[in-house]
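Just one chain is shown here, as structure tokens, and it is the form predicted on its own.
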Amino acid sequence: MKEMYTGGELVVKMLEEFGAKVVFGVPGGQTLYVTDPMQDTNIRFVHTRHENGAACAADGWGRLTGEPGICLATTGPGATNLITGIGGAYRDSSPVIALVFQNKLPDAGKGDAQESDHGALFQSICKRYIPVRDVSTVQWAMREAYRVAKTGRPGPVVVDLYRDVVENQKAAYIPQEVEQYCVLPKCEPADEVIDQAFRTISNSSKVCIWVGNGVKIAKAAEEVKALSSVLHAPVVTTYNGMAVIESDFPNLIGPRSRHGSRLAKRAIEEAECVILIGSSLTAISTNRWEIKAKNIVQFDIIAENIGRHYPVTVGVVGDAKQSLCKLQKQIVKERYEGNREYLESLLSEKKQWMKQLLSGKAVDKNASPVPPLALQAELQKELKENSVFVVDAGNPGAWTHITEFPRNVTYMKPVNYGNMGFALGASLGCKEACPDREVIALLGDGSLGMTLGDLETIQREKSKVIVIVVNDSAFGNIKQEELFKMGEDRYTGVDFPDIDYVDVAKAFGMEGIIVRRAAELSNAFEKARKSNGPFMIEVKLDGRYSVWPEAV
């Protein structure tokens, strides 16, 4: 006779089947029948101080590894606290499985304690919502969640488990191999579509390559660089595509986003043909669709993304790596000779732009408080190959578009949902996923205030994260927008008192140091790397340098 398991035990069996190593969450009465049997496995339960931290940790894990990050929360307020982090994972295509828990099915709709309609709450900000009302569907629901989270455009899936299912109902576990229900095909476009793309490109003397998150997901950076080299084409990235191409690649112009450079905008708008790879051209990437792009050849694994916001000349559906290989072979075969003059003009302007950018008071590394460009100029000297750079929403992220990255840096930011309070939780998830990689979290004092409790989490976990807090005693981005749009002395709701957050970190048991001049950053990193646990570097920032209307 087959051994019978409760629904909660089956959930844990399924997590083992997926190869899950860590679950992030805040426990509650309904979750105990999952977290308790987890203790008899190799899966660790990492409890955060707030459910949003758990969701962001799962998001960071998903973005970094491509495997679904797992988080859980109890019913009602626990579930609602997950929502913001799940929305960020959804908008930036990160695979996550969120386990939420309901009261007992016979009590549904009666007004039981903490009752809420999870379906209504989650359905607009996740890839799939799956309620589980009977133990017979637990295994199917969990496999469905894994499959949906990983395939196509990755994203978060919410599995809603009723309390009587996980506590009292039992069923046999029937194992399956992951490959039996989650197939990731390498889709190649048809030859005639590649021929159409080549004809469009070959009829243009100015071709620009614009790459997004899909290149990172498909691990197609080398193919992008090879295509750029054979076409002599400049490369522009979205924020989600940042660092996928290392900064010393000679044809890289840089990112274009809401606060991105005018040079990247020029590269796109002057092009006679734009090769768009792995980007759905969201509002953030296009200044709310104000950027003009002509004659687009769009590559995407999801057909519905093609032509959604901009009309395309050719739409190429398929895996980015496979598709670009086919296109490059066709271009080499036909000997494309255009684009050199256009590229050289852009690179010459970039050289002058960088020279102008990195001069004057804005990059004075001895100025106090620290100018944001001076911070970025010194920070990029500290970045190592193969590190992880986790950036929060707001000004800290906006200024990173000028950062130069070495090879194999993973950059992540809450781009399309813009959810503040991302970086601390996401850096925890990244360090748990890849403990041998250096993880740096960059966030403002506004975001830190929303997630302060999880300083204790990373300290308790001995998660060796370097936490850089950019402190201008304000919601800096909004304060600058008020100045830009409303004028002097029209500030409301944006200022904070002067707080030394290193003192707060030390109260949690962390080490830390305050940086008042960018020149001090190197010494701060040296101390951070010698530390045995997480380390805070608090930078006293000069908030007078504005990112509005454009950072540079």
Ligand SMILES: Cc1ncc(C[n+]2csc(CCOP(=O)(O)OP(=O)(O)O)c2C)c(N)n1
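Source: prediction; values computed, not measured. In case it trips you up, residue 1 is the first one in the sequence shown, and so on.
Keep in mind the form predicted together with the named molecule is missing from the figure; the text below concerns it.
This chain lacks the partner; the member of Met420, Ala79, Ala264, Leu375 within 4.5 angstroms of the named molecule in the predicted bound form by a non-hydrogen atom is Met420. Between the named molecule and the residues Gly214, Pro255, Pro154, Pro396, the one pair within 4.5 Å by heavy atoms in the predicted bound form involves Pro396. Stretch 444-452 is the answer when you ask which of 444-452, 280-288, 193-201, 220-228 has residues with heavy atoms within 4.5 Å of the named molecule in the predicted bound form. Of the heavy atoms in Leu184, none are within 4.5 Å of the named molecule in the predicted bound form. Put simply, Phe299 is far from the named molecule in the predicted bound form: not one heavy atom of it is within 4.5 Å. The named molecule is not drawn, but in the predicted bound form it has no heavy atom within 4.5 Å of Met354. Among heavy atoms of Asp472, some come within 4.5 Å of the named molecule in the predicted bound form.
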